[in-house]
Each structure stands twice: as C-alpha cells, then as structure tokens.
Ligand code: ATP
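To begin, one chain is listed below as structure tokens, in the form predicted on its own.
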Amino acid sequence: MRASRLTIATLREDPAEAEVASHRLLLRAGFLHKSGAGLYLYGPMMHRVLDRIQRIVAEEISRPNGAIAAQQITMPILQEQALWEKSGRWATYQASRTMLSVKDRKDQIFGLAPTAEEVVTDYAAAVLKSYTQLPACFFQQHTKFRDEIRPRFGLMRVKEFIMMDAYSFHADEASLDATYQAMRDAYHRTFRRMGLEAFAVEADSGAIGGSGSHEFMVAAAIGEDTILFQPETGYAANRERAVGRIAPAPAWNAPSTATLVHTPSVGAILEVMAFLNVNGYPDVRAEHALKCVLFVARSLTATVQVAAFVRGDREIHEVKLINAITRALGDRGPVLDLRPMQPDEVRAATSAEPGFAGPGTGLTVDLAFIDRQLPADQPLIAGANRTDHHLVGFRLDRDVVIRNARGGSVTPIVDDLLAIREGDADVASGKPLSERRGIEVGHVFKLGTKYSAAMQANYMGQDGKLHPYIMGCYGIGSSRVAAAAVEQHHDADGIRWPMAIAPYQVVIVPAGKPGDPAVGAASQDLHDRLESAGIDVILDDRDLKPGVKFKDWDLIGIPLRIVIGKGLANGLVELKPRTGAMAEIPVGEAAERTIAAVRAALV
C-alpha cells in the first residue's frame, strides 16, 4: 500500500474535548472523527484495527473442533417491542432510558438493540428443537446502541458501539458450566493474542441478570472500574461485587443500655466522635458509630423509602444496595434508580434534622438493610431520630424499632452493603486485598432460564418432555478494546499498537535525496517482498520531509519502521521498532528480518 493512496489526516495539537489518552490520540492520528455526542465515524485505519480485533475474537470462539464451536449469525438492530415484552424487559429498559427506540410509518415501536437476548432466544426456539442439537452457541459482531446519559472519554462511553455478543444454549447446568469456562479460556487467549494485559474478575450481572458473571478488565490508570484482588490467592472482583473482611472495632467503655446523649449541632460522624471524646466517652472512634443513610428507590411499580446501615468509618456501595432492594421487592423490582433522600424527606422519615437518623424509635421507612459485618451484639453509637441527640450503647439485636408509614414493624434485612477497599482482608486467606483500575472490555454471564422460560423457548428433552434452554451470554466490546489498547500502549509521541491489531505492521520511509532512483528502487523492492510474504506494509511515497513522516508514523503507531536513505550507499537500512532502538541492517537481509520480527510478535 502506498501512503499517497491512504487518507492520512493527523493533527499536531490535542483536540480540546479529549480527556484521556486514547480519545486524544485516536482523534489526532485520524482514526476517529466525532460525528455527534457519543457518536464516532471510524476512519480507514480504525476500520483495519477493528477488523483485526474481530478476526481474532471469531477465531478463538468459533474453532470447528474447539470446546465452543460458536456459529456466526447477524441479528437485526431494530428489535420489536413485542419480543422484549415477552421477556418482561421492555418496560424496564424504557423506564431506565437505556434503550433508544424509534417508530416506523405505521407507528410500530422498535428498540435499537442494546443487547440481543430476546432475538437470539426467539431464533433458538425456531431452530433448536431437540436435546440432540445441544449445546449450541451463536455469535455476531454488530452495532449496539445505549442511551448513554453522559458520553465521555471517546470510545469508553458512547451511544453507538461495536460488540461481539454470543449466546449458548444447553440442556443442563454442567454443559453451561463447561461452555462458560471454555469461553473464559477463549477470552484469555484472545486478549493475550491482542497484546493486552487483561484479567477476569467477579462482577455484578446488572440488567442482563442471571446467576453469575465475570468481567474481563484491561489494566489502565484511567479505568472507571475499581478491582480488588489478592495476588497470592488469585481472588479478584469488581468493587460492586467484591467481598472482604474488615477489622473489628476495638472494645470501648459503653453503657449497658442505649443512653440518650445531647450532641448539640454535631451530626457528622467524626464531629459526633470528637464531641463524645470530651464529654464522657474518650475511647470512642468512628468504628463504633452506626452510619444511617436514607434513600428513595424507584421500580416500575413501586417507590420505596429505604434505610441502610453500615459501620461509621465505611461507605455503602450503591450497586450492592440496589441489588439488595431488588431482591426484597421481588416481583415489584428491579430497581430503576436510587437517590439519597432530600432534607425534607429526611425530616419526614425521622422527625429530626438530617444527621440524626438511626434505627431506633422514630424512624419511618418501607425497607431497612444492615450490612452483614455490623456486629448485632456489640454497643454502637446511633442517631436518635431527634435533633441534636444520639444513642450511646445502642445494640442491633436489642434496640431496633423501625416502622413503615402504616405503623407496621419493619424488620431489617442483613445483606452485603459494604464498599470494600484496599487493605481489607481476603475472606479465604485473611491476607490484605490490593486495588487497581481497569477498563471493562468483556463480560460473561450465566443466564440460566431467565429468558427461555419467560419466552416459552423450549426443546424436547431425552425424557420426551419440553424444557426451557439453559443459557449463557458472552460479550466483547470491539471498539472499546481498541481504545483500551491505546490506553495501555502509548507514549509521548503517540500510539504503540501491538502487532496483532495494528492497522499496518510495517512502514517503509524513503529518506534519501528527492528522486534518488536507488532509494526508490530499494524501497519498492522491499515493499513488494514484504507484501508477497503476507505482511501489511505501507510505502510512504508522500512528498514530505522525513521528519514529518516520522512524526506521523510515531503518532499513528505502526509497530516497525524501515528507513531507506543515505546508509543505502553502504548497503544498510535502518530498522526501528516503535518501542525499541534503531538498528542498521544489510539491505539484503531487511525483508527476512522484518518478516521474522512480525511473526515473532504474533504469538
């Protein structure tokens, strides 16, 4: 390929709207063009990167004799409302505004696919009739849409993106488990081939649902996900799913009964502790406090007031709380949004100013949750639901009195609410957890019969009876993978694409005197030899100074650069990896050494 035939549109300055390295560099190097908020045109170079990513993904999951043997299909982007109503998800996705929807000329409503469980389950019901056809796995690599509330970070948060989504169908749990593990193994191979440092972590299933899931993360400082892990035991989980043990609070000299203490004008926990330290309780700390946070949760059919309790020195993870509320609501769930109570709502729920809420007399809510690491039989310091007052020596197993608006008793539900953080103990080993940031690039789910049962998608079992498919779901965000690769592989000069997903593998830059026939002939000969060997190579024949060309290719990130210039008189050319030192090599060896370098990098 000659560079003069390529559209190369590089920028010397960073775009003003770019916040992270991948966004900045992909725009500067001409891989992307912003078409609108959260909408990007993929340029020719980006198209080549995405093609490589998609090819690797397809190869790893669709090996004919492999454990998965996934078959590629293409599903419609426009999905009928009626299909989603069968699964029960239409109203939920519309209420949460996750799904973009359109009407046709007959006013029939369609959703723009954010995911495809309904469509593929409907397809399976039509083609997988018997247990003898199971297991089966179908995948596509297609466009998805989500009504992102705040598009940002380039391809990290967008309204339209490219994704591989696969769906497996099984007759039993053992078969699902085998495919789930095989898919996890395929993901590890996929990201390793792409040259990415990626790892699997336990994750929340979110709106997809199911009994379990793992996310695949690419380690990156700008990652929006926090991962807790224990390197010696191998435990790793997204913070919204992570579990750990916190050190118990030290003993303190507490009264034997819950004692009302006047705490004037101090509502924040640290202020309360400081006040008590100089007013009769010198040994109390934030660990002895009971933090009460009041929320309003909304589902399709219910709006409920919620109290959540956690130890005073820690925070509640809202995703964990949302999941706990969803479980408690049962058929009235799932939770669509969760917000803190406003001050007037707090006053109505506690008959006190904000800062003095607690689980004793005076608290009126619909649901209450206690973090499972709060000790029920040990004294705590809690808000008294009375302005400027706290209860010292409050015990959860003795003093809880919570009512609902109808005057009925509310029994708190014990659940995992805690936001685990670095330094907390691994549950299995007791060793401290570490923390890192990651970008989610893939997800695998065990769906069970969530969709097949709801949609009456059945197969004939060996027993002669109809059974709903047991399902799995697997996704890789192809366009997000490209951005994550740039986050992991860049420097001050530009992108450093791993060989396997680079738009081109080699660039040849003639750098002799303009029109030098020897340089031109050597450049063309080397280009043709590399191309005939299957190497994706560019010959930069543009009428530009060598320094400008070098800057362009460093920014674009081609892995290998060969410069043919004044050294040719001595039979030498320069071979420079994008991430290494330049070496002078004989021109007669340039093709073989370059081919070897490319192939060695494609492990």
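Quick note: we count residues from 1 along the sequence shown, nothing fancier. Bear in mind the structure is a predicted one, so any value in this text is a computation, not a measurement.
Heads up, the form predicted in complex with this ligand isn't pictured, but that's what we're talking about next.
At a distance threshold of 4.5 angstroms between non-hydrogen atoms, G494 is out of contact with this ligand in the predicted bound form. Although the partner is absent here, F445 lies within 4.5 Å of this ligand in the predicted bound form, judged by heavy atoms. When contacts are judged by a 4.5 Å heavy atom cut-off, A453 does not count as touching this ligand in the predicted bound form. Heavy atoms of R311 never reach within 4.5 Å of this ligand in the predicted bound form, leaving it off the interface. Of the candidate stretches 453 to 461, 317 to 325, 141 to 149, 335 to 343, only 141 to 149 has residues whose heavy atoms lie within 4.5 Å of this ligand in the predicted bound form. Note on the partner interface in the predicted bound form: the residue among G393, P503, P510, G477 having a heavy atom within 4.5 angstroms of this ligand is G477. Taking a 4.5 Å heavy atom cutoff to this ligand in the predicted bound form, the contact residue among H467, R157, R529, R285 is R157. Annotation for 161 to 179: interface residues with this ligand in the predicted bound form are F161, M163 [heavy atom within 4.5 Å].
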